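Next up: just one chain, as structure tokens, the form predicted alone.
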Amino acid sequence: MLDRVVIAFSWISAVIIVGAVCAIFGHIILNGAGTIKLSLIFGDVAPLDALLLKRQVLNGLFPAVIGTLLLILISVMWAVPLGLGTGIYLAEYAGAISKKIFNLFFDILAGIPSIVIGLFGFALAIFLHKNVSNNIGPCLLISSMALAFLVLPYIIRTTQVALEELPREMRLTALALGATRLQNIRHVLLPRALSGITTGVILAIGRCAEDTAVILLTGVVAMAGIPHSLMGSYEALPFYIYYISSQYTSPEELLTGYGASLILLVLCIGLFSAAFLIQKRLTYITLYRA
């Protein structure tokens, strides 16, 4: 009887979750699909001129799309090497006491609200402005560093768990054949843990793409255009969605927020797909061409 109750509860929970996701996606698609036009992205600028950066887009989402892409890519470039290295250290090198201390620290870090990290990034920008250079302030670089700090726990934890869950026999085979510890990690353990590591990277991409509190305090502004350097301000889709949803003046303007949400979803799906393709390619190279 208890087994049937557990199975029924599991099915009901799964249906509720899938239904909620479908409802959210359906609501966004229903309201945003009609606004997806070239004019929404490029405004009154010819798409080719915008893509070649010949003319600046002032009334379209193109600068926000580029700013979001740059923000995600730079943040992931900061976070992945640090998170991967830390996860490998915790799984393969850290002692019992060190592992407990670091695990506690990263669990606390994962629970810190994003607004607090955004405030830290803002304080860092003010400190650098006063003590290093007047040209430094809230900018793309500060935002990417703050977001990288925000998503580090996801990459660290998934890397650590992916390595620790590998079978003991797999860990010992290469060592028994004379491989060094580093060679064993590089050629045996990491290729077989790539699936779990990719999960952490995907979570990091999604968090970087959706977070508004951090970028709101560290450099995102309206009408900034495409950033010309890491030290410049930028636009981003999450900020545009937040801005439109809180200050829209007409139903038509609100619908553009749904259109921006749909573009952000498509952007995330594309990045997720790219991460999966890279993971499969790396797995093939390391396993079959080594």
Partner chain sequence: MSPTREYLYEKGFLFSAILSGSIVFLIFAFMLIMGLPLFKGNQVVALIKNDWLPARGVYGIYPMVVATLAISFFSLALAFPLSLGCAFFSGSIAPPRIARVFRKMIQIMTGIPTVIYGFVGIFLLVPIVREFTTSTSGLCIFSASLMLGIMISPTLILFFTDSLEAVPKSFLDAADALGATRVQKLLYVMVPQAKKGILAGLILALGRALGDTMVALMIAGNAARVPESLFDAARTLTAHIALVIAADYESFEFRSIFACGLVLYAFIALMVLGVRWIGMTNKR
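Numbering follows the first chain given and starts at 1. Rigid core: the largest C-alpha set superposing within 1.5 Å between the two forms. This structure is a prediction, so every number in the text was calculated from the model and none was measured.
Missing here is the form predicted together with the partner chain; even so, the following discussion is about that form.
Residues with any non-hydrogen atom within 4.5 angstroms of the partner chain in the model of the complex fall in just one of 166 to 174, 68 to 76, 216 to 224, 192 to 200: 216 to 224. At the 4.5 Å threshold, heavy atoms of Gly111 reach the partner chain in the model of the complex. By the criterion of a heavy atom within 4.5 Å, Ala204 is excluded from the residues contacting the partner chain in the model of the complex. Contact annotation for Ala64: none of its heavy atoms lies within 4.5 Å of the partner chain in the model of the complex. In the model of the complex, the partner chain stays beyond 4.5 Å of every heavy atom belonging to Val151.
For the stretch 242 to 274, the set of residues having any non-hydrogen atom within 4.5 angstroms of the partner chain in the model of the complex comprises Tyr242, Ser245, Tyr248, Leu254, Gly257, Tyr258, Ser261, Leu264, Leu265, Cys268, Ile269, Phe272, Ser273, in sequence order.
Superposition of the core reveals a Cα shift of less than 2 Å for Leu70 between this form and the one not shown. In the model of the complex, the separation between the C-alpha atoms of Ile269 and Pro113 shrinks by 3 Å or more relative to the displayed form.
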